[in-house]
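Presented below, as structure tokens, is a lone chain in the form predicted on its own.
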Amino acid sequence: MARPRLRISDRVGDRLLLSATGLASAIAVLLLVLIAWQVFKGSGTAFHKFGFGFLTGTTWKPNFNQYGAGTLLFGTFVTGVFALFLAAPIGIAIGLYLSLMAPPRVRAIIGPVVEMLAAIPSVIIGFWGILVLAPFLVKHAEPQLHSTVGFIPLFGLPQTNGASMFAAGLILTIMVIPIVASISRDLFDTVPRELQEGASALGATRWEMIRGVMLPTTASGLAATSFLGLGRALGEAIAVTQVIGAGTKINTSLYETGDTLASRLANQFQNATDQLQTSSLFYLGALLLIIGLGSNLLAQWIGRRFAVQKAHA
């Protein structure tokens, strides 16, 4: 049977929709290219002077024109991985609870509250970290952890001023959890009800159904969600700046002060005194851009790997 001919208005609408969506995609790509071009252009002076040695250098002394990103890369890695290590399982657990276990009335309350947590300005979370979280860590959490697992270098002697990579990691965890929880809940809601009921009909317990149906079905999405949260953690500047302490050394203990790429950019860019310092800060921005794009590409690669495995299963 022949397909009915589209009316002129329908054809025009289709073309307008195609043009509008294509234009939006092109604008997104163009913005990314322009941002990358500006950042890499600004970092040219520092790159020509320091080369790739900038990545391993641990000295940052503007008065002596000595710059290195080693300490900042270390702080970014430690706080980001620390936040992801805590936020991913907590956020996924919240998503499971809201999707499968929470009563409708409880879900109607907890769901919006978790999403509202993501809307709190980072500077407010940073203030809370200074006034509430840091003193609590100094008085209770850090001494207890040191006395229990102090043989691990990560939990060395507690410090007294409250600023530390430990506090920064916890602040980032709080900021990442809503993203992971919200997207995880949406992912679990997309699992066909027939699969869940079929597993239950075969005698599977709720945990067996979650382990055998829910998690494998959404594995690629959960991996991508976790790396999306990691990108949020890597790029956060204000809240981290308020609690990390702007340390200048690489320390094995989480209780010591540190710094990150984003935090150093936020602290010094407006007050840069010469071209080399400005270019070095652009270099930091280029590194942060590369790391962020790399984490997103890695998430996509993981998603495709899971998709291929499920297709061949």
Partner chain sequence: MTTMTSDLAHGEGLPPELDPARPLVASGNLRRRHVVSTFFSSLAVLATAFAVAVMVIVLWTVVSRGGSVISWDFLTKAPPLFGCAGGGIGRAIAGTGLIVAIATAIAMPLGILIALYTSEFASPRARSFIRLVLDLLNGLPSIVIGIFAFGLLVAGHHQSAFAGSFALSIIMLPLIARASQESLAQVPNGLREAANALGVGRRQSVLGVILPSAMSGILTGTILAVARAAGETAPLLIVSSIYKGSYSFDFFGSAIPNIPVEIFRLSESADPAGYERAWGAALVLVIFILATSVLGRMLFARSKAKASR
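This structure is a prediction, so every number in the text was calculated from the model and none was measured. Residue numbers count along the first chain shown, from 1.
One more form of this protein, predicted together with its partner chain, exists but is not displayed; see below.
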query: Is A46 close enough to touch its partner chain in the predicted complex, meaning at least one heavy atom pair within 4.5 Å?
result: no
message: I'd like to check something about T241: if you look in the predicted complex, is any of its heavy atoms closer than or equal to 4.5 Å to a heavy atom of its partner chain?
response: yes
Partner proximity in the predicted complex: I174 to its partner chain, non-hydrogen atom cutoff 4.5 Å: yes
- request: Report whether the minimum heavy atom distance between T148 and its partner chain in the predicted complex is within 4.5 Å.
  value: no
- prompt: Looking at I120, L154, A223, V191, which is the one with a non-hydrogen atom within 4.5 Å of its partner chain in the predicted complex?
  reply: I120
query: Which residue among Q270, Q275, N65, T56 has a heavy atom within 4.5 angstroms of its partner chain in the predicted complex?
result: Q270
message: For the three residues A28, I90 and E115, which mark the spot I'm curious about, does each lie within 4.5 Å of its partner chain in the predicted complex through at least one heavy atom?
response: yes
- prompt: Of these, 161 to 169, 124 to 132, 139 to 147, 213 to 221, which stretch puts a heavy atom within 4.5 angstroms of its partner chain in the predicted complex?
  reply: 124 to 132
- request: Using the arrangement in the predicted complex, list in sequence order the residues of 30 to 69 with any heavy atom within 4.5 angstroms of its partner chain.
  value: L31, L32, L34, I35, Q38, V39
